[in-house]
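Quick setup: the C-alpha coordinates below cover two forms of a single protein chain, split into structure 1 and structure 2.
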Structure 1
(Lines of atoms letter the chains of each structure in order from A and count residues from 1; the text may use other names and numbers.)
(Lines give C-alpha, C1' and ligand atoms only; values in the text may rest on other atoms or scores of the structure.)
Protein backbone atom coordinates (compact mmCIF):
# COMPACT_ATOMS: atom_id res chain seq x y z
CA UNK A 1 0.00 0.00 0.00
CA UNK A 2 2.85 2.38 0.86
CA UNK A 3 4.56 1.64 -2.49
CA UNK A 4 1.29 2.32 -4.29
CA UNK A 5 0.98 5.70 -2.58
CA UNK A 6 4.61 6.44 -3.38
CA UNK A 7 4.26 5.65 -7.09
CA UNK A 8 0.89 7.37 -7.36
CA UNK A 9 2.42 10.50 -5.84
CA UNK A 10 5.30 10.43 -8.34
CA UNK A 11 2.87 9.84 -11.21
CA UNK A 12 0.76 12.79 -10.11
CA UNK A 13 3.87 14.98 -9.88
CA UNK A 14 4.96 13.95 -13.38
CA UNK A 15 1.47 14.65 -14.66
CA UNK A 16 1.50 18.15 -13.17
CA UNK A 17 4.92 18.81 -14.68
CA UNK A 18 3.75 17.67 -18.11
CA UNK A 19 0.66 19.85 -17.89
CA UNK A 20 2.79 22.82 -16.85
CA UNK A 21 5.26 22.16 -19.68
CA UNK A 22 2.41 21.96 -22.20
CA UNK A 23 0.96 25.25 -20.96
CA UNK A 24 4.35 26.94 -21.23
CA UNK A 25 5.44 25.41 -24.55
CA UNK A 26 2.07 25.52 -26.31
CA UNK A 27 2.09 29.23 -27.21
CA UNK A 28 5.77 29.05 -28.13
CA UNK A 29 5.23 26.12 -30.52
CA UNK A 30 2.24 27.92 -32.02
CA UNK A 31 4.39 31.03 -32.57
CA UNK A 32 7.09 29.05 -34.39
CA UNK A 33 4.53 27.24 -36.53
CA UNK A 34 2.66 30.43 -37.40
CA UNK A 35 5.86 32.26 -38.32
CA UNK A 36 6.51 29.89 -41.24
CA UNK A 37 2.92 29.57 -42.46
CA UNK A 38 1.30 31.31 -45.41
CA UNK A 39 -1.18 34.21 -45.23
CA UNK A 40 -4.39 33.43 -43.34
CA UNK A 41 -3.20 30.08 -41.97
CA UNK A 42 -2.93 31.44 -38.43
CA UNK A 43 -6.70 32.00 -38.25
CA UNK A 44 -7.69 28.43 -39.11
CA UNK A 45 -9.66 26.41 -36.55
CA UNK A 46 -8.57 23.94 -35.48
CA UNK A 47 -4.98 25.23 -35.88
CA UNK A 48 -2.55 23.29 -38.05
CA UNK A 49 0.99 22.95 -36.74
CA UNK A 50 3.99 22.83 -39.11
CA UNK A 51 1.99 21.98 -42.18
CA UNK A 52 3.90 22.46 -45.47
CA UNK A 53 4.57 24.44 -47.53
CA UNK A 54 6.79 26.44 -45.20
CA UNK A 55 7.35 30.13 -45.85
CA UNK A 56 10.75 30.96 -44.37
CA UNK A 57 10.76 34.08 -46.49
CA UNK A 58 8.54 35.61 -43.81
CA UNK A 59 11.66 36.19 -41.74
CA UNK A 60 13.52 37.82 -44.62
CA UNK A 61 10.55 40.04 -45.42
CA UNK A 62 10.23 41.24 -41.84
CA UNK A 63 13.98 41.86 -41.59
CA UNK A 64 14.00 43.97 -44.76
CA UNK A 65 10.68 45.77 -44.49
CA UNK A 66 10.52 46.24 -40.73
CA UNK A 67 13.92 47.92 -40.17
CA UNK A 68 14.86 45.04 -37.90
CA UNK A 69 18.56 45.57 -38.51
CA UNK A 70 18.31 49.09 -37.08
CA UNK A 71 16.19 48.00 -34.12
CA UNK A 72 18.61 45.18 -33.38
CA UNK A 73 21.61 47.50 -33.48
CA UNK A 74 19.89 49.92 -31.10
CA UNK A 75 19.03 47.11 -28.68
CA UNK A 76 22.59 45.77 -28.79
CA UNK A 77 24.01 49.20 -27.92
CA UNK A 78 21.59 49.81 -25.05
CA UNK A 79 21.95 46.27 -23.70
CA UNK A 80 25.76 46.22 -23.88
CA UNK A 81 26.08 49.55 -22.07
CA UNK A 82 23.53 48.45 -19.48
CA UNK A 83 25.43 45.23 -18.77
CA UNK A 84 28.68 47.14 -18.33
CA UNK A 85 27.02 49.63 -16.01
CA UNK A 86 25.21 47.07 -13.87
CA UNK A 87 28.21 44.75 -13.50
CA UNK A 88 30.59 47.57 -12.54
CA UNK A 89 28.22 49.44 -10.22
CA UNK A 90 26.74 46.39 -8.47
CA UNK A 91 30.10 44.67 -7.99
CA UNK A 92 31.70 47.84 -6.59
CA UNK A 93 28.80 48.49 -4.22
CA UNK A 94 28.48 44.83 -3.20
CA UNK A 95 32.19 44.64 -2.51
CA UNK A 96 32.03 47.75 -0.38
CA UNK A 97 29.12 46.49 1.70
CA UNK A 98 30.79 43.09 2.16
CA UNK A 99 34.37 44.05 2.99
CA UNK A 100 34.18 47.53 4.52
CA UNK A 101 32.26 46.99 7.73
CA UNK A 102 31.68 50.42 9.30
CA UNK A 103 29.25 51.68 11.92
CA UNK A 104 26.63 52.74 9.38
CA UNK A 105 27.23 50.18 6.61
CA UNK A 106 24.51 47.77 7.77
CA UNK A 107 22.03 50.61 8.27
CA UNK A 108 22.82 51.99 4.83
CA UNK A 109 22.41 48.54 3.30
CA UNK A 110 19.02 48.09 4.98
CA UNK A 111 17.93 51.47 3.68
CA UNK A 112 19.02 50.44 0.20
CA UNK A 113 17.11 47.16 0.52
CA UNK A 114 14.00 49.08 1.55
CA UNK A 115 13.95 50.75 -1.87
CA UNK A 116 13.02 47.38 -3.38
CA UNK A 117 9.53 47.85 -1.94
CA UNK A 118 8.93 51.07 -3.88
CA UNK A 119 6.90 50.26 -7.03
CA UNK A 120 8.67 51.47 -10.16
CA UNK A 121 5.43 52.93 -11.51
CA UNK A 122 5.37 55.46 -8.65
CA UNK A 123 8.73 56.83 -9.82
CA UNK A 124 7.80 56.94 -13.52
CA UNK A 125 6.36 60.47 -13.53
CA UNK A 126 9.12 62.10 -11.40
CA UNK A 127 11.79 60.39 -13.49
CA UNK A 128 10.16 61.49 -16.74
CA UNK A 129 9.97 65.05 -15.44
CA UNK A 130 13.62 64.95 -14.41
CA UNK A 131 14.84 63.68 -17.78
CA UNK A 132 12.68 66.29 -19.52
CA UNK A 133 14.27 69.07 -17.47
CA UNK A 134 17.80 67.99 -18.44
CA UNK A 135 16.89 67.55 -22.11
CA UNK A 136 17.52 63.81 -22.23
CA UNK A 137 14.30 62.79 -23.96
CA UNK A 138 14.63 60.87 -27.23
CA UNK A 139 18.12 59.74 -26.21
CA UNK A 140 19.46 56.55 -24.66
CA UNK A 141 20.62 58.39 -21.52
CA UNK A 142 17.48 57.58 -19.46
CA UNK A 143 17.83 53.93 -20.47
CA UNK A 144 21.55 53.52 -19.77
CA UNK A 145 22.69 56.02 -17.14
CA UNK A 146 20.58 54.58 -14.27
CA UNK A 147 22.29 51.22 -14.82
CA UNK A 148 25.63 52.81 -13.89
CA UNK A 149 24.13 53.81 -10.53
CA UNK A 150 23.49 50.21 -9.50
CA UNK A 151 20.44 48.08 -8.75
CA UNK A 152 19.70 46.88 -5.25
CA UNK A 153 18.94 43.34 -6.39
CA UNK A 154 22.33 43.01 -8.06
CA UNK A 155 24.09 44.71 -5.16
CA UNK A 156 22.54 42.19 -2.78
CA UNK A 157 23.72 39.25 -4.89
CA UNK A 158 27.25 40.62 -5.20
CA UNK A 159 27.41 41.42 -1.48
CA UNK A 160 26.48 37.84 -0.64
CA UNK A 161 29.14 36.52 -3.01
CA UNK A 162 31.92 38.74 -1.70
CA UNK A 163 30.91 38.17 1.92
CA UNK A 164 31.43 34.42 1.46
CA UNK A 165 35.08 34.97 0.48
CA UNK A 166 37.71 35.02 3.27
CA UNK A 167 38.98 38.37 4.51
CA UNK A 168 42.47 36.85 4.69
CA UNK A 169 42.83 37.48 0.94
CA UNK A 170 42.49 41.20 1.54
CA UNK A 171 44.87 41.22 4.48
CA UNK A 172 47.54 39.24 2.63
CA UNK A 173 47.30 41.43 -0.46
CA UNK A 174 47.53 44.56 1.68
CA UNK A 175 50.72 43.28 3.28
CA UNK A 176 52.13 42.71 -0.21
CA UNK A 177 51.50 46.37 -0.99
CA UNK A 178 48.57 45.90 -3.41
CA UNK A 179 46.22 48.87 -3.73
CA UNK A 180 42.57 48.30 -2.62
CA UNK A 181 41.39 48.80 -6.20
CA UNK A 182 43.93 46.22 -7.34
CA UNK A 183 42.74 43.82 -4.64
CA UNK A 184 39.21 44.18 -5.94
CA UNK A 185 40.03 43.63 -9.61
CA UNK A 186 42.88 41.11 -9.33
CA UNK A 187 41.79 38.93 -6.41
CA UNK A 188 38.14 39.18 -5.47
CA UNK A 189 36.45 39.90 -8.79
CA UNK A 190 37.82 36.78 -10.58
CA UNK A 191 36.50 34.62 -7.71
CA UNK A 192 32.89 35.67 -8.32
CA UNK A 193 32.75 35.10 -12.08
CA UNK A 194 29.66 32.84 -11.87
CA UNK A 195 27.72 35.57 -10.07
CA UNK A 196 28.96 38.19 -12.52
CA UNK A 197 27.73 35.99 -15.36
CA UNK A 198 24.37 35.59 -13.61
CA UNK A 199 24.09 39.35 -13.18
CA UNK A 200 25.04 39.96 -16.81
CA UNK A 201 22.48 37.44 -18.09
CA UNK A 202 19.72 38.87 -15.91
CA UNK A 203 20.56 42.37 -17.11
CA UNK A 204 20.63 41.22 -20.72
CA UNK A 205 17.20 39.59 -20.47
CA UNK A 206 15.67 42.51 -18.60
CA UNK A 207 17.10 45.19 -20.89
CA UNK A 208 16.44 43.29 -24.12
CA UNK A 209 12.78 42.79 -23.17
CA UNK A 210 12.28 46.21 -21.58
CA UNK A 211 9.41 48.05 -23.24
CA UNK A 212 8.09 50.66 -20.82
CA UNK A 213 11.16 52.93 -20.58
CA UNK A 214 12.02 52.96 -24.33
CA UNK A 215 8.36 53.52 -25.12
CA UNK A 216 8.05 56.69 -23.04
CA UNK A 217 11.55 58.14 -23.64
CA UNK A 218 12.11 57.44 -27.36
CA UNK A 219 10.08 59.25 -29.99
CA UNK A 220 12.29 58.93 -33.09
CA UNK A 221 11.40 55.70 -34.90
CA UNK A 222 15.02 55.23 -35.97
CA UNK A 223 16.06 55.01 -32.31
CA UNK A 224 13.52 52.35 -31.32
CA UNK A 225 14.76 49.22 -29.62
CA UNK A 226 13.43 45.82 -30.66
CA UNK A 227 10.71 45.70 -28.02
CA UNK A 228 9.27 49.05 -29.10
CA UNK A 229 9.86 48.26 -32.76
CA UNK A 230 7.79 45.12 -32.33
CA UNK A 231 4.89 47.22 -31.03
CA UNK A 232 5.23 49.49 -34.04
CA UNK A 233 5.24 46.53 -36.42
CA UNK A 234 2.07 45.22 -34.82
CA UNK A 235 0.25 48.18 -36.34
CA UNK A 236 1.63 47.47 -39.83
CA UNK A 237 1.18 43.69 -39.72
CA UNK A 238 -2.10 43.49 -37.80
CA UNK A 239 -3.64 41.48 -40.66
CA UNK A 240 -0.49 39.44 -41.34
CA UNK A 241 -0.11 37.46 -38.14
CA UNK A 242 2.53 35.19 -39.67
CA UNK A 243 4.83 38.20 -40.21
CA UNK A 244 4.23 39.45 -36.70
CA UNK A 245 5.14 36.03 -35.29
CA UNK A 246 8.29 36.01 -37.44
CA UNK A 247 9.24 39.35 -35.92
CA UNK A 248 8.58 37.94 -32.45
CA UNK A 249 10.85 34.97 -33.11
CA UNK A 250 13.63 37.24 -34.39
CA UNK A 251 13.31 39.26 -31.17
CA UNK A 252 13.51 36.14 -28.99
CA UNK A 253 16.35 34.46 -30.88
CA UNK A 254 19.23 36.33 -29.14
CA UNK A 255 17.78 35.37 -25.76
CA UNK A 256 17.90 31.69 -26.67
CA UNK A 257 21.44 31.94 -28.02
CA UNK A 258 22.77 33.75 -24.95
CA UNK A 259 21.09 31.39 -22.52
CA UNK A 260 22.25 28.34 -24.49
CA UNK A 261 25.90 29.32 -24.20
CA UNK A 262 25.76 30.89 -20.73
CA UNK A 263 23.40 28.58 -18.83
CA UNK A 264 26.33 26.87 -17.09
CA UNK A 265 27.47 30.15 -15.51
CA UNK A 266 23.89 31.12 -14.81
CA UNK A 267 23.16 27.93 -12.86
CA UNK A 268 26.50 28.11 -11.02
CA UNK A 269 25.71 31.65 -9.98
CA UNK A 270 22.28 30.72 -8.66
CA UNK A 271 23.71 27.77 -6.72
CA UNK A 272 26.51 29.92 -5.31
CA UNK A 273 24.10 32.63 -4.17
CA UNK A 274 21.83 30.09 -2.51
CA UNK A 275 24.55 28.10 -0.73
CA UNK A 276 27.06 30.75 0.30
CA UNK A 277 24.57 33.48 1.17
Structure 2
Protein backbone atom coordinates (compact mmCIF):
# COMPACT_ATOMS: atom_id res chain seq x y z
CA UNK A 1 0.00 0.00 0.00
CA UNK A 2 2.67 2.49 1.03
CA UNK A 3 4.70 1.49 -2.01
CA UNK A 4 1.75 2.28 -4.23
CA UNK A 5 1.44 5.64 -2.51
CA UNK A 6 5.11 6.30 -3.12
CA UNK A 7 4.78 5.57 -6.83
CA UNK A 8 1.63 7.64 -7.17
CA UNK A 9 3.51 10.51 -5.53
CA UNK A 10 6.29 10.18 -8.08
CA UNK A 11 3.84 9.93 -10.94
CA UNK A 12 2.08 13.07 -9.75
CA UNK A 13 5.41 14.93 -9.55
CA UNK A 14 6.29 13.92 -13.08
CA UNK A 15 2.86 14.96 -14.32
CA UNK A 16 3.26 18.34 -12.61
CA UNK A 17 6.73 18.79 -14.07
CA UNK A 18 5.51 17.95 -17.57
CA UNK A 19 2.68 20.49 -17.41
CA UNK A 20 5.11 23.05 -16.04
CA UNK A 21 7.67 22.27 -18.74
CA UNK A 22 5.01 22.84 -21.40
CA UNK A 23 4.25 26.24 -19.88
CA UNK A 24 7.96 27.09 -19.81
CA UNK A 25 8.69 25.89 -23.36
CA UNK A 26 5.48 27.09 -25.02
CA UNK A 27 6.55 30.73 -25.31
CA UNK A 28 9.85 29.71 -26.95
CA UNK A 29 8.16 27.49 -29.50
CA UNK A 30 5.73 30.28 -30.30
CA UNK A 31 8.64 32.74 -30.60
CA UNK A 32 10.54 30.54 -33.05
CA UNK A 33 7.40 29.88 -35.08
CA UNK A 34 6.50 33.59 -35.20
CA UNK A 35 10.04 34.63 -36.09
CA UNK A 36 9.88 32.79 -39.42
CA UNK A 37 6.34 33.80 -40.37
CA UNK A 38 5.41 36.17 -43.15
CA UNK A 39 4.40 39.75 -42.34
CA UNK A 40 1.07 40.08 -40.51
CA UNK A 41 0.71 36.31 -40.00
CA UNK A 42 1.03 36.75 -36.24
CA UNK A 43 -2.26 38.68 -36.27
CA UNK A 44 -4.66 36.15 -37.71
CA UNK A 45 -7.07 33.53 -36.46
CA UNK A 46 -6.71 30.65 -36.00
CA UNK A 47 -2.98 31.03 -35.22
CA UNK A 48 -0.57 29.03 -37.39
CA UNK A 49 2.46 27.10 -36.15
CA UNK A 50 5.40 26.30 -38.38
CA UNK A 51 3.34 26.52 -41.55
CA UNK A 52 5.36 27.04 -44.75
CA UNK A 53 6.39 29.18 -46.52
CA UNK A 54 9.09 30.01 -43.98
CA UNK A 55 10.55 33.50 -44.02
CA UNK A 56 14.07 32.97 -42.73
CA UNK A 57 14.93 36.29 -44.33
CA UNK A 58 13.34 37.96 -41.26
CA UNK A 59 16.58 37.18 -39.43
CA UNK A 60 18.63 38.66 -42.24
CA UNK A 61 16.50 41.81 -42.31
CA UNK A 62 16.91 42.34 -38.58
CA UNK A 63 20.65 41.60 -38.81
CA UNK A 64 21.27 44.01 -41.69
CA UNK A 65 18.49 46.62 -41.93
CA UNK A 66 17.77 46.54 -38.21
CA UNK A 67 21.52 46.88 -37.52
CA UNK A 68 21.57 43.92 -35.15
CA UNK A 69 25.00 43.11 -36.56
CA UNK A 70 26.18 46.41 -35.11
CA UNK A 71 24.32 45.96 -31.81
CA UNK A 72 25.76 42.48 -31.40
CA UNK A 73 29.26 43.82 -32.03
CA UNK A 74 28.71 46.56 -29.42
CA UNK A 75 27.32 44.10 -26.88
CA UNK A 76 30.31 41.81 -27.41
CA UNK A 77 32.74 44.68 -26.81
CA UNK A 78 30.98 45.95 -23.70
CA UNK A 79 30.50 42.44 -22.31
CA UNK A 80 34.09 41.34 -22.98
CA UNK A 81 35.52 44.46 -21.33
CA UNK A 82 33.16 44.03 -18.38
CA UNK A 83 34.20 40.42 -17.88
CA UNK A 84 37.89 41.32 -17.89
CA UNK A 85 37.24 44.20 -15.49
CA UNK A 86 35.10 42.25 -13.05
CA UNK A 87 37.33 39.17 -12.96
CA UNK A 88 40.46 41.24 -12.34
CA UNK A 89 39.03 43.79 -9.90
CA UNK A 90 36.84 41.45 -7.88
CA UNK A 91 39.52 38.82 -7.42
CA UNK A 92 42.02 41.56 -6.53
CA UNK A 93 39.81 43.03 -3.83
CA UNK A 94 38.47 39.64 -2.74
CA UNK A 95 42.07 38.52 -2.16
CA UNK A 96 42.78 41.71 -0.22
CA UNK A 97 39.83 41.08 2.07
CA UNK A 98 40.57 37.37 2.50
CA UNK A 99 44.31 37.39 3.10
CA UNK A 100 45.12 40.75 4.70
CA UNK A 101 43.14 40.94 7.90
CA UNK A 102 43.60 44.53 9.04
CA UNK A 103 41.36 47.01 10.86
CA UNK A 104 41.04 48.98 7.64
CA UNK A 105 39.92 46.00 5.60
CA UNK A 106 37.40 44.93 8.22
CA UNK A 107 35.75 48.35 8.38
CA UNK A 108 35.79 48.67 4.59
CA UNK A 109 34.13 45.30 4.26
CA UNK A 110 31.32 46.22 6.65
CA UNK A 111 30.68 49.49 4.82
CA UNK A 112 30.69 47.65 1.50
CA UNK A 113 28.17 45.07 2.71
CA UNK A 114 25.87 47.87 3.88
CA UNK A 115 25.90 49.44 0.41
CA UNK A 116 24.62 46.19 -1.10
CA UNK A 117 21.12 47.14 0.03
CA UNK A 118 20.95 50.33 -2.04
CA UNK A 119 19.02 49.74 -5.28
CA UNK A 120 21.17 50.44 -8.34
CA UNK A 121 18.40 52.44 -10.05
CA UNK A 122 18.65 54.97 -7.25
CA UNK A 123 22.41 55.38 -7.46
CA UNK A 124 22.05 55.88 -11.21
CA UNK A 125 20.72 59.43 -10.71
CA UNK A 126 23.82 60.95 -9.07
CA UNK A 127 26.14 58.70 -11.09
CA UNK A 128 24.56 60.03 -14.26
CA UNK A 129 25.12 63.66 -13.22
CA UNK A 130 28.73 62.74 -12.46
CA UNK A 131 29.31 61.25 -15.91
CA UNK A 132 27.62 64.28 -17.48
CA UNK A 133 30.06 66.57 -15.68
CA UNK A 134 33.11 64.71 -16.95
CA UNK A 135 31.67 64.54 -20.47
CA UNK A 136 31.49 60.76 -20.67
CA UNK A 137 27.93 60.55 -22.00
CA UNK A 138 27.45 58.54 -25.17
CA UNK A 139 30.63 56.53 -24.57
CA UNK A 140 31.12 53.06 -23.10
CA UNK A 141 33.15 54.49 -20.20
CA UNK A 142 30.23 54.66 -17.71
CA UNK A 143 29.27 51.10 -18.64
CA UNK A 144 32.74 49.58 -18.33
CA UNK A 145 35.07 51.65 -16.15
CA UNK A 146 33.26 51.04 -12.81
CA UNK A 147 33.65 47.30 -13.37
CA UNK A 148 37.44 47.67 -13.36
CA UNK A 149 37.24 48.93 -9.77
CA UNK A 150 35.18 46.08 -8.34
CA UNK A 151 31.71 45.58 -6.95
CA UNK A 152 30.75 43.93 -3.70
CA UNK A 153 28.74 40.95 -5.01
CA UNK A 154 31.64 39.44 -6.93
CA UNK A 155 34.17 40.53 -4.33
CA UNK A 156 32.22 38.59 -1.72
CA UNK A 157 32.30 35.43 -3.87
CA UNK A 158 36.05 35.76 -4.42
CA UNK A 159 36.72 36.51 -0.76
CA UNK A 160 34.99 33.27 0.21
CA UNK A 161 37.08 31.28 -2.29
CA UNK A 162 40.39 32.78 -1.21
CA UNK A 163 39.52 32.32 2.46
CA UNK A 164 39.10 28.60 1.85
CA UNK A 165 42.76 28.36 0.72
CA UNK A 166 45.44 27.90 3.43
CA UNK A 167 47.66 30.84 4.43
CA UNK A 168 50.70 28.54 4.59
CA UNK A 169 51.13 28.91 0.81
CA UNK A 170 51.78 32.58 1.38
CA UNK A 171 54.41 32.02 4.03
CA UNK A 172 56.16 29.31 2.06
CA UNK A 173 56.24 31.44 -1.08
CA UNK A 174 57.60 34.41 0.86
CA UNK A 175 60.42 32.23 2.19
CA UNK A 176 61.17 31.24 -1.41
CA UNK A 177 61.52 34.93 -2.18
CA UNK A 178 58.32 35.47 -4.16
CA UNK A 179 56.90 38.99 -4.23
CA UNK A 180 53.35 39.56 -2.76
CA UNK A 181 52.03 40.36 -6.25
CA UNK A 182 53.65 37.23 -7.60
CA UNK A 183 52.08 35.21 -4.79
CA UNK A 184 48.65 36.47 -5.84
CA UNK A 185 49.04 35.88 -9.57
CA UNK A 186 51.09 32.69 -9.53
CA UNK A 187 49.89 30.84 -6.45
CA UNK A 188 46.43 31.86 -5.29
CA UNK A 189 44.73 33.03 -8.49
CA UNK A 190 45.23 29.76 -10.43
CA UNK A 191 43.63 27.87 -7.53
CA UNK A 192 40.30 29.69 -7.80
CA UNK A 193 39.82 29.21 -11.55
CA UNK A 194 36.37 27.56 -11.23
CA UNK A 195 35.08 30.54 -9.26
CA UNK A 196 36.59 32.92 -11.80
CA UNK A 197 34.64 31.07 -14.48
CA UNK A 198 31.45 31.43 -12.45
CA UNK A 199 32.08 35.14 -11.98
CA UNK A 200 32.81 35.57 -15.69
CA UNK A 201 29.56 33.86 -16.62
CA UNK A 202 27.50 35.87 -14.15
CA UNK A 203 29.04 39.03 -15.56
CA UNK A 204 28.34 37.88 -19.11
CA UNK A 205 24.65 37.38 -18.37
CA UNK A 206 24.34 40.57 -16.36
CA UNK A 207 26.02 42.77 -18.95
CA UNK A 208 24.45 41.14 -22.00
CA UNK A 209 20.97 41.70 -20.52
CA UNK A 210 21.65 45.13 -19.02
CA UNK A 211 19.15 47.70 -20.24
CA UNK A 212 19.02 50.59 -17.80
CA UNK A 213 22.62 51.81 -17.99
CA UNK A 214 22.99 51.66 -21.82
CA UNK A 215 19.57 53.29 -22.12
CA UNK A 216 20.52 56.33 -20.07
CA UNK A 217 24.15 56.69 -21.18
CA UNK A 218 23.99 55.97 -24.91
CA UNK A 219 22.18 58.33 -27.30
CA UNK A 220 23.87 57.56 -30.63
CA UNK A 221 21.95 54.70 -32.22
CA UNK A 222 25.14 53.29 -33.72
CA UNK A 223 26.46 52.66 -30.21
CA UNK A 224 23.42 50.82 -28.83
CA UNK A 225 23.84 47.42 -27.25
CA UNK A 226 21.42 44.58 -28.05
CA UNK A 227 18.81 45.19 -25.36
CA UNK A 228 18.53 48.90 -26.19
CA UNK A 229 18.51 47.97 -29.87
CA UNK A 230 15.55 45.71 -29.15
CA UNK A 231 13.75 48.59 -27.45
CA UNK A 232 14.42 50.80 -30.45
CA UNK A 233 13.14 48.13 -32.82
CA UNK A 234 10.01 47.83 -30.70
CA UNK A 235 9.35 51.56 -31.11
CA UNK A 236 9.68 51.49 -34.87
CA UNK A 237 8.43 48.06 -35.90
CA UNK A 238 5.80 47.44 -33.23
CA UNK A 239 3.42 45.97 -35.84
CA UNK A 240 6.01 43.56 -37.27
CA UNK A 241 5.88 40.91 -34.58
CA UNK A 242 7.86 38.49 -36.77
CA UNK A 243 10.82 40.89 -36.88
CA UNK A 244 10.62 41.55 -33.15
CA UNK A 245 10.70 37.82 -32.51
CA UNK A 246 13.67 37.21 -34.84
CA UNK A 247 15.50 40.00 -33.05
CA UNK A 248 14.62 38.53 -29.64
CA UNK A 249 15.90 35.14 -30.77
CA UNK A 250 19.17 36.70 -31.96
CA UNK A 251 19.58 38.42 -28.60
CA UNK A 252 18.84 35.26 -26.59
CA UNK A 253 20.85 32.80 -28.69
CA UNK A 254 24.30 33.49 -27.15
CA UNK A 255 22.80 32.99 -23.67
CA UNK A 256 21.44 29.56 -24.63
CA UNK A 257 24.79 28.57 -26.10
CA UNK A 258 26.81 29.69 -23.09
CA UNK A 259 24.42 27.92 -20.74
CA UNK A 260 24.71 24.71 -22.72
CA UNK A 261 28.50 24.69 -22.52
CA UNK A 262 29.04 26.01 -19.01
CA UNK A 263 26.15 24.59 -17.00
CA UNK A 264 28.18 23.47 -14.01
CA UNK A 265 29.52 26.98 -13.39
CA UNK A 266 26.00 28.38 -13.11
CA UNK A 267 25.15 26.07 -10.24
CA UNK A 268 28.55 26.68 -8.68
CA UNK A 269 27.68 30.36 -8.23
CA UNK A 270 24.28 29.59 -6.81
CA UNK A 271 25.59 27.21 -4.21
CA UNK A 272 28.49 29.36 -3.08
CA UNK A 273 26.46 32.56 -2.88
CA UNK A 274 25.14 31.20 0.37
CA UNK A 275 22.30 28.81 -0.35
CA UNK A 276 23.76 26.62 2.31
CA UNK A 277 26.97 28.03 3.61
Partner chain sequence: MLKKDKKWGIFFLAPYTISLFVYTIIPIICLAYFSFTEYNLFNPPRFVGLANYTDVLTSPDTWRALRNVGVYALVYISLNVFLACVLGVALNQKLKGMKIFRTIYFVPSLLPWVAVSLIFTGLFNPVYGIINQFLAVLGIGPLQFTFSKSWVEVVSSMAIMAVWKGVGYASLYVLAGLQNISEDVLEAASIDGAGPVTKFFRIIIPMITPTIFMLMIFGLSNSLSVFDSFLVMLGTGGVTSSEYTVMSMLIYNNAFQFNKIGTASALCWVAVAFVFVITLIQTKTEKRWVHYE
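Residue numbers count along the first chain shown, from 1. Please read these numbers as outputs of a predicted model, since none were measured by experiment. Take the two forms, superpose them, and find the largest set of C-alpha atoms that agree within 1.5 Å; that set is the rigid core.
*Asks:* Tell me which of the two, 1 or 2, is the form predicted on its own.
*Replies:* Looking at both, the form predicted on its own is number 1.
*Asks:* Whereabouts is the hinge between structures 1 and 2, that is, which of 178, 88, 250, 107 sits where one rigid part meets the other?
*Replies:* Answer to the hinge question: 250.
*Asks:* May I ask you to give the angle in ° that the smaller rigid part rotates through, relative to the larger, between structures 1 and 2?
*Replies:* Spelled out, the smaller domain pivots 9 degrees relative to the larger domain.
*Asks:* Quote the shift of the Cα of residue 19 between structures 1 and 2 to one decimal place in Å, the two forms being superposed on the rigid core.
*Replies:* For residue 19, the C-alpha ends up 4.4 Å from its position in the other form.
*Asks:* What's the distance in angstrom the Cα of residue 53 travels between structures 1 and 2, core superposed?
*Replies:* The alpha-carbon displacement, core-superposed, is 3.6 Å.
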